[in-house]
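Before any questions on how it binds or moves, here is one chain, the form predicted on its own, in C-alpha coordinates.
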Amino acid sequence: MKEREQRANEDSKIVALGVTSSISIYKACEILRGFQKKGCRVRVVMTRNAARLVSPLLFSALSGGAVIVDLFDERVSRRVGHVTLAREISLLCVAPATANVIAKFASGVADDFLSTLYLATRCPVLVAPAMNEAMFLHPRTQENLRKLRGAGVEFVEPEKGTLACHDEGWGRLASPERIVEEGLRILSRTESLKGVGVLVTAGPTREYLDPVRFLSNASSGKMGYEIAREAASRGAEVTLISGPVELVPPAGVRVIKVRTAADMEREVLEAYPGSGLVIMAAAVSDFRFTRTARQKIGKRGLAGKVDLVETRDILKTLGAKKKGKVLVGFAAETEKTIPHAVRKMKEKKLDLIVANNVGEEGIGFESDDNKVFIIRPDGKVLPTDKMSKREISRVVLDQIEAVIEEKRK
(Lines give C-alpha, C1' and ligand atoms only; values in the text may rest on other atoms or scores of the structure.)
Protein backbone atom coordinates (compact mmCIF):
# COMPACT_ATOMS: atom_id res chain seq x y z
CA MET A 1 0.00 0.00 0.00
CA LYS A 2 2.77 2.44 0.96
CA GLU A 3 4.66 1.65 -2.25
CA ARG A 4 1.55 2.39 -4.35
CA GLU A 5 1.03 5.68 -2.52
CA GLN A 6 4.68 6.60 -3.06
CA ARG A 7 4.43 5.86 -6.81
CA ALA A 8 1.22 7.90 -7.01
CA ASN A 9 2.96 10.84 -5.34
CA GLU A 10 5.89 10.58 -7.73
CA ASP A 11 3.57 10.58 -10.77
CA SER A 12 1.32 13.43 -9.59
CA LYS A 13 1.90 17.02 -10.64
CA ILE A 14 3.05 19.54 -8.06
CA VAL A 15 1.28 22.90 -8.00
CA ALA A 16 2.74 25.80 -6.06
CA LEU A 17 -0.20 27.84 -4.77
CA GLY A 18 0.79 31.44 -4.11
CA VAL A 19 -1.54 33.11 -1.61
CA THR A 20 -1.52 36.89 -1.10
CA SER A 21 -3.33 39.27 1.24
CA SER A 22 -6.64 39.77 -0.56
CA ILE A 23 -9.86 39.57 1.42
CA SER A 24 -10.79 36.68 -0.88
CA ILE A 25 -7.97 34.63 0.67
CA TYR A 26 -10.54 32.23 2.14
CA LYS A 27 -11.27 30.96 -1.38
CA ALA A 28 -7.67 29.78 -1.67
CA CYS A 29 -8.63 26.85 0.54
CA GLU A 30 -11.18 25.72 -2.05
CA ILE A 31 -8.61 26.16 -4.83
CA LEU A 32 -6.14 24.00 -2.92
CA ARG A 33 -8.78 21.30 -2.42
CA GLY A 34 -9.80 21.53 -6.07
CA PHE A 35 -6.29 20.72 -7.27
CA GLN A 36 -5.96 17.91 -4.74
CA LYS A 37 -9.20 16.28 -5.91
CA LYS A 38 -7.70 16.10 -9.41
CA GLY A 39 -4.64 14.26 -8.14
CA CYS A 40 -2.23 17.19 -7.78
CA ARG A 41 0.09 17.76 -4.87
CA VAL A 42 -0.02 21.34 -3.61
CA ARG A 43 2.77 23.35 -1.99
CA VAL A 44 1.53 26.60 -0.46
CA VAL A 45 3.56 29.81 -0.47
CA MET A 46 2.11 32.75 1.46
CA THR A 47 3.16 36.37 1.65
CA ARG A 48 3.71 37.76 5.15
CA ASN A 49 0.56 39.86 4.99
CA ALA A 50 -1.45 36.86 3.85
CA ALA A 51 -0.20 34.99 6.91
CA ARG A 52 -1.57 37.82 9.07
CA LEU A 53 -5.05 37.32 7.58
CA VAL A 54 -5.15 33.52 7.79
CA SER A 55 -2.84 31.28 9.78
CA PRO A 56 -0.44 29.18 7.69
CA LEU A 57 -1.48 26.28 9.95
CA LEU A 58 -4.78 26.06 8.09
CA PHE A 59 -3.09 25.68 4.70
CA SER A 60 -0.56 23.28 6.22
CA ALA A 61 -3.37 21.06 7.50
CA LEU A 62 -5.13 21.13 4.14
CA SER A 63 -2.04 20.56 2.00
CA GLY A 64 -0.36 18.06 4.31
CA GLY A 65 2.94 19.93 4.08
CA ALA A 66 4.79 22.90 5.50
CA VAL A 67 3.70 26.33 4.28
CA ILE A 68 6.49 28.65 3.13
CA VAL A 69 6.26 32.27 4.23
CA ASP A 70 9.77 33.49 5.00
CA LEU A 71 12.45 33.64 2.30
CA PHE A 72 15.02 32.76 4.94
CA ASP A 73 13.07 29.96 6.62
CA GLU A 74 15.70 27.53 7.97
CA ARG A 75 13.67 24.56 6.67
CA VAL A 76 14.16 25.63 3.06
CA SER A 77 17.06 28.09 2.98
CA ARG A 78 19.73 25.38 3.27
CA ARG A 79 18.59 24.04 -0.12
CA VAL A 80 18.02 27.52 -1.64
CA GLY A 81 14.29 26.91 -1.31
CA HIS A 82 12.90 29.06 -4.11
CA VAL A 83 15.24 27.45 -6.65
CA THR A 84 14.55 23.91 -5.42
CA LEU A 85 10.78 24.42 -5.43
CA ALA A 86 10.91 26.06 -8.86
CA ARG A 87 12.48 22.89 -10.26
CA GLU A 88 9.88 20.61 -8.68
CA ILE A 89 6.63 22.30 -9.64
CA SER A 90 4.64 21.96 -12.86
CA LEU A 91 2.53 25.09 -12.28
CA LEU A 92 2.74 28.25 -10.21
CA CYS A 93 -0.80 29.43 -9.48
CA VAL A 94 -1.19 32.71 -7.60
CA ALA A 95 -4.74 33.02 -6.30
CA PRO A 96 -5.72 35.47 -5.01
CA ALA A 97 -3.18 37.88 -6.51
CA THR A 98 -3.10 41.46 -5.22
CA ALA A 99 -2.11 44.53 -7.23
CA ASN A 100 1.09 44.57 -5.17
CA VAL A 101 2.31 41.09 -6.13
CA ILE A 102 1.31 41.68 -9.76
CA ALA A 103 3.43 44.85 -9.75
CA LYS A 104 6.35 42.93 -8.23
CA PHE A 105 6.17 40.22 -10.87
CA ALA A 106 5.97 42.80 -13.68
CA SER A 107 8.91 44.82 -12.34
CA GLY A 108 11.14 41.90 -11.40
CA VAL A 109 11.14 42.77 -7.69
CA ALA A 110 12.16 39.75 -5.60
CA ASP A 111 11.90 40.67 -1.93
CA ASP A 112 10.00 37.67 -0.53
CA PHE A 113 9.68 33.95 -1.24
CA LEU A 114 6.77 34.22 -3.68
CA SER A 115 8.24 36.95 -5.89
CA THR A 116 11.62 35.19 -5.85
CA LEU A 117 9.96 31.90 -6.78
CA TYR A 118 8.28 33.62 -9.73
CA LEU A 119 11.65 34.73 -11.13
CA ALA A 120 13.20 31.29 -10.58
CA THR A 121 10.43 29.21 -12.11
CA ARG A 122 10.39 27.98 -15.71
CA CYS A 123 7.00 26.28 -15.56
CA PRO A 124 3.72 27.97 -16.60
CA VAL A 125 2.37 30.70 -14.32
CA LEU A 126 -1.34 31.31 -13.74
CA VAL A 127 -2.50 34.45 -11.92
CA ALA A 128 -6.00 35.19 -10.60
CA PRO A 129 -6.25 38.89 -9.65
CA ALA A 130 -8.48 40.06 -6.82
CA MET A 131 -8.80 43.70 -5.75
CA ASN A 132 -10.98 46.80 -5.71
CA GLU A 133 -12.25 47.90 -9.12
CA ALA A 134 -10.35 51.21 -9.01
CA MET A 135 -7.11 49.35 -8.35
CA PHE A 136 -7.79 46.76 -11.05
CA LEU A 137 -8.64 49.36 -13.70
CA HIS A 138 -5.83 51.73 -12.72
CA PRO A 139 -3.52 52.36 -15.73
CA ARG A 140 -0.46 51.13 -13.84
CA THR A 141 -2.14 47.84 -12.90
CA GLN A 142 -3.36 47.37 -16.48
CA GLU A 143 0.15 48.06 -17.77
CA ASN A 144 1.56 45.48 -15.33
CA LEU A 145 -0.97 42.92 -16.54
CA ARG A 146 0.00 43.67 -20.14
CA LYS A 147 3.70 43.20 -19.30
CA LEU A 148 3.04 39.85 -17.66
CA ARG A 149 0.92 38.62 -20.57
CA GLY A 150 3.79 39.56 -22.86
CA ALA A 151 6.10 37.48 -20.69
CA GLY A 152 3.83 34.45 -21.00
CA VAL A 153 1.87 34.65 -17.74
CA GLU A 154 -1.74 33.46 -18.07
CA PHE A 155 -4.70 34.90 -16.21
CA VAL A 156 -8.10 33.96 -14.90
CA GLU A 157 -9.82 37.31 -15.21
CA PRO A 158 -11.67 38.65 -12.16
CA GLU A 159 -15.44 38.82 -12.13
CA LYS A 160 -17.88 41.69 -11.66
CA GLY A 161 -19.89 41.71 -8.46
CA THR A 162 -19.96 42.81 -4.84
CA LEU A 163 -16.46 43.58 -3.57
CA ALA A 164 -15.04 43.48 -0.04
CA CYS A 165 -15.48 47.28 0.22
CA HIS A 166 -19.21 46.73 -0.54
CA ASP A 167 -18.87 48.45 -3.93
CA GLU A 168 -20.15 46.82 -7.10
CA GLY A 169 -17.61 46.40 -9.88
CA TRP A 170 -14.78 44.44 -11.46
CA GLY A 171 -12.12 42.86 -9.32
CA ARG A 172 -13.80 39.96 -7.51
CA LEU A 173 -11.74 36.79 -7.56
CA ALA A 174 -12.88 34.27 -10.16
CA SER A 175 -14.60 31.18 -8.80
CA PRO A 176 -12.30 28.47 -7.43
CA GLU A 177 -13.78 26.06 -9.98
CA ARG A 178 -12.75 28.32 -12.89
CA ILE A 179 -9.24 28.76 -11.49
CA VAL A 180 -8.71 25.04 -10.97
CA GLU A 181 -10.15 24.22 -14.38
CA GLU A 182 -7.76 26.66 -16.08
CA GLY A 183 -4.84 25.35 -14.05
CA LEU A 184 -5.61 21.77 -15.09
CA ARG A 185 -5.90 22.83 -18.73
CA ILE A 186 -2.44 24.38 -18.54
CA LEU A 187 -1.03 21.31 -16.80
CA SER A 188 -2.35 19.04 -19.56
CA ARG A 189 -0.66 21.28 -22.12
CA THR A 190 2.74 20.88 -20.47
CA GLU A 191 2.92 17.31 -21.78
CA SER A 192 1.03 17.73 -25.06
CA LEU A 193 4.24 17.44 -27.13
CA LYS A 194 6.12 15.15 -24.77
CA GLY A 195 8.64 13.01 -26.64
CA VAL A 196 8.10 14.82 -29.95
CA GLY A 197 11.21 16.03 -31.74
CA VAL A 198 10.60 19.63 -32.81
CA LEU A 199 12.85 21.53 -35.18
CA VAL A 200 12.51 25.33 -35.22
CA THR A 201 14.41 27.85 -37.33
CA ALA A 202 14.66 31.52 -36.39
CA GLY A 203 16.27 34.80 -37.29
CA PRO A 204 17.84 36.07 -40.51
CA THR A 205 20.69 34.71 -42.58
CA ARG A 206 23.63 36.74 -43.86
CA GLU A 207 25.03 36.35 -47.36
CA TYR A 208 28.52 37.83 -47.44
CA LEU A 209 30.02 39.94 -50.20
CA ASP A 210 33.29 40.18 -48.31
CA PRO A 211 34.32 39.80 -44.64
CA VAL A 212 32.58 43.07 -43.61
CA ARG A 213 29.60 43.43 -45.97
CA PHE A 214 26.57 41.18 -46.25
CA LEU A 215 23.00 40.92 -47.59
CA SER A 216 20.40 40.29 -44.87
CA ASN A 217 17.01 41.39 -43.52
CA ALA A 218 15.47 42.91 -40.39
CA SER A 219 14.37 39.68 -38.70
CA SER A 220 15.13 39.75 -34.97
CA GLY A 221 14.41 36.04 -34.41
CA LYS A 222 11.97 36.83 -31.59
CA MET A 223 9.05 34.92 -33.10
CA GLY A 224 11.07 31.77 -33.73
CA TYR A 225 12.62 31.89 -30.25
CA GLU A 226 9.18 32.19 -28.65
CA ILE A 227 7.91 29.27 -30.75
CA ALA A 228 10.87 27.18 -29.53
CA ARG A 229 10.25 28.25 -25.92
CA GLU A 230 6.57 27.33 -26.12
CA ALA A 231 7.27 23.94 -27.73
CA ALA A 232 9.78 23.14 -24.97
CA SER A 233 7.24 24.14 -22.30
CA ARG A 234 4.89 21.51 -23.78
CA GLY A 235 7.44 18.74 -23.28
CA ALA A 236 8.96 18.67 -26.76
CA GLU A 237 12.60 17.91 -27.47
CA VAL A 238 13.46 21.12 -29.31
CA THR A 239 16.33 21.93 -31.66
CA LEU A 240 16.52 25.62 -32.54
CA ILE A 241 18.62 26.54 -35.57
CA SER A 242 19.23 30.25 -35.33
CA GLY A 243 20.67 32.88 -37.59
CA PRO A 244 22.66 35.76 -36.05
CA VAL A 245 20.46 37.39 -33.38
CA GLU A 246 20.90 39.15 -30.03
CA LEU A 247 18.58 36.95 -27.96
CA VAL A 248 18.97 34.76 -24.88
CA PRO A 249 18.31 31.12 -25.89
CA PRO A 250 15.21 29.50 -24.34
CA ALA A 251 15.89 27.18 -21.42
CA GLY A 252 15.96 23.47 -22.21
CA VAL A 253 16.41 24.00 -25.96
CA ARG A 254 19.33 22.78 -28.06
CA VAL A 255 20.55 25.79 -30.05
CA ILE A 256 22.64 25.63 -33.23
CA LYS A 257 24.00 28.97 -34.50
CA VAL A 258 24.40 29.55 -38.25
CA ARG A 259 25.09 32.50 -40.53
CA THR A 260 24.34 31.84 -44.17
CA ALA A 261 21.43 30.17 -45.94
CA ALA A 262 23.76 27.33 -46.90
CA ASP A 263 24.72 26.88 -43.21
CA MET A 264 21.07 26.76 -42.23
CA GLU A 265 20.21 24.30 -44.99
CA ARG A 266 22.99 21.96 -43.90
CA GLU A 267 21.95 21.98 -40.22
CA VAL A 268 18.24 21.68 -41.02
CA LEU A 269 18.76 18.66 -43.27
CA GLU A 270 20.90 17.02 -40.58
CA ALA A 271 18.31 17.54 -37.84
CA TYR A 272 15.28 16.85 -40.04
CA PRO A 273 15.20 13.01 -39.84
CA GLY A 274 14.85 13.08 -36.03
CA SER A 275 12.07 15.66 -36.01
CA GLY A 276 8.35 14.91 -36.16
CA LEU A 277 7.38 18.58 -36.27
CA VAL A 278 9.28 21.25 -38.22
CA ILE A 279 8.50 24.96 -37.81
CA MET A 280 10.40 27.17 -40.24
CA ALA A 281 10.15 30.66 -38.74
CA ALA A 282 13.52 31.92 -40.03
CA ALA A 283 13.69 34.69 -42.63
CA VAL A 284 16.16 32.97 -44.93
CA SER A 285 17.70 35.17 -47.60
CA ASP A 286 16.36 34.46 -51.10
CA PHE A 287 19.59 35.62 -52.75
CA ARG A 288 23.34 35.40 -52.29
CA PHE A 289 26.32 36.92 -54.06
CA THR A 290 27.86 34.90 -56.86
CA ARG A 291 31.29 35.39 -55.28
CA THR A 292 32.49 36.15 -51.76
CA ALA A 293 35.78 37.99 -51.57
CA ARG A 294 38.29 36.78 -48.98
CA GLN A 295 39.41 40.36 -48.26
CA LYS A 296 37.46 43.59 -47.92
CA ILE A 297 36.66 45.06 -51.32
CA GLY A 298 37.67 48.71 -51.67
CA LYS A 299 35.12 51.36 -52.59
CA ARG A 300 36.42 51.55 -56.14
CA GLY A 301 36.24 47.80 -56.47
CA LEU A 302 32.47 47.90 -55.73
CA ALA A 303 31.64 50.27 -58.57
CA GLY A 304 29.25 48.81 -61.11
CA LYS A 305 27.06 45.72 -60.96
CA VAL A 306 26.93 43.19 -58.10
CA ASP A 307 25.77 39.76 -59.25
CA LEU A 308 23.23 37.77 -57.23
CA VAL A 309 21.87 34.25 -57.53
CA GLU A 310 18.96 32.55 -55.74
CA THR A 311 19.63 30.49 -52.63
CA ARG A 312 18.12 27.01 -52.44
CA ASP A 313 14.58 26.92 -51.02
CA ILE A 314 14.98 24.93 -47.79
CA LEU A 315 11.25 24.77 -47.07
CA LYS A 316 10.44 23.48 -50.56
CA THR A 317 13.14 20.82 -50.18
CA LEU A 318 11.59 19.64 -46.91
CA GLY A 319 8.09 19.63 -48.40
CA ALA A 320 9.25 17.24 -51.12
CA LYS A 321 10.44 14.70 -48.52
CA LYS A 322 7.83 15.10 -45.73
CA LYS A 323 7.03 11.42 -45.17
CA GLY A 324 4.48 11.89 -42.40
CA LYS A 325 6.13 14.84 -40.70
CA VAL A 326 4.20 18.00 -39.86
CA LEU A 327 5.69 20.97 -41.69
CA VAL A 328 4.86 24.57 -40.76
CA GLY A 329 6.01 27.67 -42.60
CA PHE A 330 5.95 31.42 -42.03
CA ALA A 331 5.21 34.08 -44.65
CA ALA A 332 6.36 37.67 -44.10
CA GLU A 333 4.52 39.82 -46.65
CA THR A 334 3.88 43.50 -47.34
CA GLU A 335 0.81 43.09 -49.57
CA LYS A 336 -1.75 40.42 -50.50
CA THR A 337 -0.72 38.62 -47.34
CA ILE A 338 -3.25 35.77 -47.38
CA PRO A 339 -3.16 34.98 -51.15
CA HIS A 340 0.64 34.91 -51.14
CA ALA A 341 0.69 32.69 -48.05
CA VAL A 342 -1.86 30.27 -49.51
CA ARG A 343 0.19 29.92 -52.67
CA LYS A 344 3.33 29.29 -50.63
CA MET A 345 1.51 26.70 -48.55
CA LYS A 346 0.43 24.74 -51.63
CA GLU A 347 3.74 25.01 -53.50
CA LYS A 348 5.77 23.81 -50.53
CA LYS A 349 3.28 21.18 -49.31
CA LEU A 350 2.90 22.69 -45.85
CA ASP A 351 0.48 21.51 -43.17
CA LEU A 352 0.05 25.01 -41.77
CA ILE A 353 1.34 28.48 -42.53
CA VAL A 354 1.55 31.60 -40.36
CA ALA A 355 1.42 34.86 -42.30
CA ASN A 356 1.82 38.48 -41.28
CA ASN A 357 2.16 41.89 -42.87
CA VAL A 358 5.60 43.13 -41.84
CA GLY A 359 4.85 46.49 -43.40
CA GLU A 360 2.29 47.23 -40.70
CA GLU A 361 3.65 49.47 -37.97
CA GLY A 362 4.26 47.94 -34.54
CA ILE A 363 4.29 44.28 -35.57
CA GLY A 364 6.58 41.86 -37.37
CA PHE A 365 10.32 42.35 -37.72
CA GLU A 366 12.15 43.62 -34.61
CA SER A 367 8.88 44.18 -32.71
CA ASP A 368 7.89 42.44 -29.47
CA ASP A 369 4.32 42.18 -30.79
CA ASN A 370 2.75 40.53 -33.78
CA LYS A 371 -0.59 40.03 -35.51
CA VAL A 372 -0.87 37.00 -37.74
CA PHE A 373 -3.13 34.93 -39.96
CA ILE A 374 -2.91 31.20 -39.29
CA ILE A 375 -3.97 29.30 -42.40
CA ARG A 376 -5.07 25.71 -41.90
CA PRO A 377 -4.99 22.78 -44.36
CA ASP A 378 -8.73 23.12 -45.04
CA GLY A 379 -8.22 26.74 -46.09
CA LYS A 380 -9.71 28.28 -42.96
CA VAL A 381 -7.95 31.44 -41.84
CA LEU A 382 -7.61 32.21 -38.13
CA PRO A 383 -6.69 35.88 -37.59
CA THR A 384 -5.26 36.99 -34.26
CA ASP A 385 -5.39 40.34 -32.55
CA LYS A 386 -2.19 42.25 -31.97
CA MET A 387 -0.49 40.61 -29.01
CA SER A 388 2.97 39.71 -27.76
CA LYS A 389 4.98 37.18 -29.71
CA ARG A 390 4.96 35.06 -26.55
CA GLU A 391 1.16 34.92 -26.70
CA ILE A 392 1.18 34.40 -30.47
CA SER A 393 3.46 31.37 -30.02
CA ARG A 394 0.85 29.77 -27.76
CA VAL A 395 -1.93 30.30 -30.31
CA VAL A 396 0.25 28.91 -33.12
CA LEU A 397 1.21 25.78 -31.14
CA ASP A 398 -2.45 25.18 -30.24
CA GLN A 399 -3.32 25.19 -33.95
CA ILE A 400 -0.37 22.95 -34.81
CA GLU A 401 -1.46 20.44 -32.18
CA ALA A 402 -4.97 20.46 -33.68
CA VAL A 403 -3.45 19.57 -37.07
CA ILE A 404 -1.37 16.79 -35.48
CA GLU A 405 -4.48 15.37 -33.82
CA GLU A 406 -6.40 15.42 -37.12
CA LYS A 407 -3.57 13.57 -38.85
CA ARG A 408 -3.74 10.84 -36.22
CA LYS A 409 -7.42 10.12 -36.88
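The first residue of the shown sequence is 1; numbering continues from there. Everything numeric in this text was worked out from a predicted model, so none of it was measured.
A second form of this protein, the form predicted in complex with a small molecule, is not displayed here; the remarks below concern that form.
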item	value
Candidate spot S21, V45 and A51, all three touching the small molecule in the model of the complex (heavy atom, 4.5 Å)	no
Region of this chain that lies against the small molecule in the model of the complex, out of 311-319, 222-230, 105-113, 176-184 [heavy atom, 4.5 Å]	311-319
The unique member of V245, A332, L148, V253 whose heavy atoms fall within 4.5 Å of the small molecule in the model of the complex	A332
Heavy atom within 4.5 Å of the small molecule in the model of the complex - residue from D286, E88, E143, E157	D286
The small molecule contact at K344 in the model of the complex, heavy atom, 4.5 Å	yes
Distance check, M280 to the small molecule in the model of the complex, heavy atom within 4.5 Å	yes
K371, heavy atom within 4.5 angstroms of the small molecule in the model of the complex	no
Partner contact for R41 in the model of the complex: the small molecule, 4.5 angstroms, heavy atom	no
